[in-house]
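Next comes just one chain, in structure tokens: the form predicted on its own.
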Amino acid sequence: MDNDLRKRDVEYMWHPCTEINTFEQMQFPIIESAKGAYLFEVGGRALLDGIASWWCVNLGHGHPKLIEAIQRQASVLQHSIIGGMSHPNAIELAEKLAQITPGNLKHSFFCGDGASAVESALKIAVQYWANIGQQDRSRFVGLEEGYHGDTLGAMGVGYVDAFHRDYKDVVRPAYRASSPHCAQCPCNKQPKSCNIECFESMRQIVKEHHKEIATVIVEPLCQGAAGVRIYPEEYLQRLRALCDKYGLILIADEIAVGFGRTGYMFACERAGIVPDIMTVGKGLTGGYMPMSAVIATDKIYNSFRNNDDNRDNTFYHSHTFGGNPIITALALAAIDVYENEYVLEKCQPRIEQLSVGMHELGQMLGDSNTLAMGMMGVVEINDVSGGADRAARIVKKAYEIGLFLRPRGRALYLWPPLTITQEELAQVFAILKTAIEQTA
């Protein structure tokens, strides 16, 4: 049966971020069910889900409270737009997000996925300045190797050459500051001697161009698609102070790292800063259905009110399924689980276990650089020329043994469901150690 499914897949499917020729020759997994930290292939073979199904299934697969929320709401109200009207779930979710996000973030604009939220946030930032009479502020600042999605606007602020090179001439590039790439420090510093020298690049860009800048956007504390580049809280703290100095809007793109991934509900909370706009997604629904949100302060929101100057400040931007009743019910159930069933303190033993395990993998891989924060960790294989091939071979062998991962170049990373047990996490590391040994 699985061979027939693979044949039909190759005939009709187009897979994201997947090289076609190699994929067509693979015995790629076909998943028919999942539970907890496990995926089950057609035929029943179990695979540990080492990347939370693309960084979103934070609460594990098949959580009964999340399933029940979908089923209950589906029998009551399936869809209702929120353009000029509302429904109880959307109201309650917006209120809940205002309560749990840091500082004075208050107003939620609901979207369909992460890139849609980023596009919305960028447009909000540009129109904010136009609303207050500063139409010339239309440039963005991001980080080198930052990633914010694959739509045209998102590519402009999160340009990754490996993904986006063929679209370079059709996107408007942002100013790009040096990546705080701690595993391969751009300033050749060691952790003990580091004074966040890499921030100087950001400071210079903002100082020189602040009068034309609409917003600075970053993935807080971890550049995911760049290879899980984890960086210090102090970078964010300096960035918040810099934006305050020049009166700039700071967007924190928490699509990937929000909802417990860093060991705090939000990465900005861990860093002790409050952005002007925050984007959330992925874990917002426990990863079960697509949804994202842009959450803004009163200052941003109120600029979109019409005044007496005859200018229409309305935000003419919409998503058909933004704030869908079923998905908002699911998100409310997920947040309830985050807050009441899965409290972050309970994760501490697994956080420590993951950090120790990643360090051991790094030692096995020739003392390669390792970093860990919360429930994510990465080994960046030292071999510059052959590291990517080695990572790919390790991942292939791990799949054969029973673990699903996706490397990013030389970066071999773990991003498991937050609910993975210590026993399951130990099994993840046992499989990886075996895969490293057998591919040496």
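Computed from a prediction, not measured in an experiment: that's the story for all the values here. One rule holds for the numbers: they count along the sequence shown, beginning at 1.
Keep in mind that the form predicted together with a small molecule is missing from the display, and what follows is about it.
Heavy atoms of Ala115 reach within 4.5 Å of the small molecule in the predicted bound form, making it an interface residue. Mapping the unseen interface onto this chain, Leu239 falls outside it, with no heavy atom inside 4.5 Å of the small molecule in the predicted bound form. Of the heavy atoms in Gly149, some are within 4.5 Å of the small molecule in the predicted bound form. Though the partner is left out of this view, Asp276 does not reach within 4.5 Å of the small molecule in the predicted bound form, counting heavy atoms only. With the small molecule left out of view, the stretch that reaches within 4.5 Å of it through heavy atoms in the predicted bound form is, among 170 to 178, 86 to 94, 106 to 114, 316 to 324, 106 to 114. When you look in the predicted bound form, the only residue of Leu330, Ile255, Ile249, Cys268 with a non-hydrogen atom within 4.5 Å of the small molecule is Ile255.
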